[in-house]
Ligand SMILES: NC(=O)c1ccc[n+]([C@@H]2O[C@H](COP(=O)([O-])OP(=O)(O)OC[C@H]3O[C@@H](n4cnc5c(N)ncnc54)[C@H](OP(=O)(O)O)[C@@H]3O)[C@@H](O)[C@H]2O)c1
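Single chain ahead, written as C-alpha cells, the form predicted on its own.
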Amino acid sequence: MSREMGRALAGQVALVTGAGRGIGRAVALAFAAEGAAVVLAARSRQHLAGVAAHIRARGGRALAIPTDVTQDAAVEALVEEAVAELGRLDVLVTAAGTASFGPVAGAKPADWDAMLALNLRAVLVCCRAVLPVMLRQRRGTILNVGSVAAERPIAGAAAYAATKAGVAAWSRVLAEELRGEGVRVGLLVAGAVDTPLWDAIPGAPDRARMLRPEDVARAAVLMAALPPGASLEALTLLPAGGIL
C-alpha cells in the first residue's frame, strides 16, 4: 500500500474557511497530512501563503484563495475556482469566526453585526454554495464549527452564543434535508480553544487550560474520514479542566 493510499483522506478535496490561523489552520494542516488536497480560504493573503507553503513543504497539496466569506459573490467564486482547479469537492469545514464579549445592557446592536455576518450568515452561505457540487457527486461532508457557548450560559457571551446556536440549528436541519442525498452534515462543538481570537479580548481565561487547535483538528479528521455509510452529526470536545 502506498503512503498516499494509507491516509484517511487520500484522494479527497477539502475546503477550509478561516484557514489562515487558529482552528482553520490546524484543520487544513491535519487534512493535508491525511492526504487531502486542501483549498485554503481566509481574508489574509499573507496568512494563507504561509499555510500553503507549510503544506507543500511536507509534500501536500494546497490551493490558497483569499476570500471574504461575508461576501456572497466571493463565496460563489471560491467554490467555482476550487472545483475548476481540483475537479471535485468532498469536504467543507466552516472554521472562520470572530468573537466579542460584554453584557447586553452595555452593547449596541451594531456591535453584533460582524459576529452575525461571519459566525452565522457566512456559514449558511458557504454551506449553500457547496451543495450543487456535493449533490451532483452524491457525496460530501460539511463540518460546521460550533461552541459550547450555544448550550451553556456564559455571562457576556449572549450575542456570540446566539450565532453559534444558529449554526447548530442550521446544521441539524441541513443534515436532515440531505440525509438521502449522500451528503452528511456534522457539528463540531468546542470548548475554549487557544487561538488568536483571544488576543483582543481583555480578561480572557487562562489559555494554558484551553484546548489546542490541533485537538479540534483531530476531531475534524475523525468526522470527515468516516466511511460513507456513517455520519457523526455532533461531537463535543472540551478541555479536561472544564468548558472555561
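All values derive from a computational prediction rather than experimental measurement. For every residue, the number given is its place in the sequence shown, counted from 1.
As for the form predicted together with this ligand, it is not shown, yet the points below apply to it.
Participant: Partner absent here, but in the model of the complex, which of 139 to 147, 103 to 111, 168 to 176, 84 to 92 has residues with a heavy atom within 4.5 Å of this ligand?
Facilitator: Heavy atoms within 4.5 Å of this ligand in the model of the complex occur in 139 to 147.
Participant: Can you tell me whether G35 touches this ligand? I mean in the model of the complex, with a 4.5 angstroms heavy atom cut-off.
Facilitator: Close contact is absent here: in the model of the complex, G35 is far from this ligand, nothing within 4.5 Å, heavy atoms only.
Participant: Determine whether any heavy atom of A190 comes within 4.5 Å of a heavy atom of this ligand in the model of the complex, and answer yes or no.
Facilitator: Close contact exists here: in the model of the complex, A190 approaches this ligand to within 4.5 Å, heavy atoms only.
Participant: Find out whether any non-hydrogen atom of D68 is located within 4.5 angstroms of this ligand in the model of the complex, and reply yes or no.
Facilitator: Result yes; D68 sits at the interface with this ligand in the model of the complex.
Participant: Is there a heavy atom of A64 lying 4.5 Å or less from a heavy atom of this ligand in the model of the complex?
Facilitator: A64: no contact with this ligand in the model of the complex.
Participant: If you check in the model of the complex, do V183, G186 and L235 all have a non-hydrogen atom within 4.5 Å of this ligand?
Facilitator: Zero of three within 4.5 Å in the model of the complex.
Participant: Would you give me the residues of 196 to 221 that have any heavy atom within 4.5 Å of this ligand in the model of the complex, in order from first to last?
Facilitator: Sequence-ordered list: P196, L197, W198.
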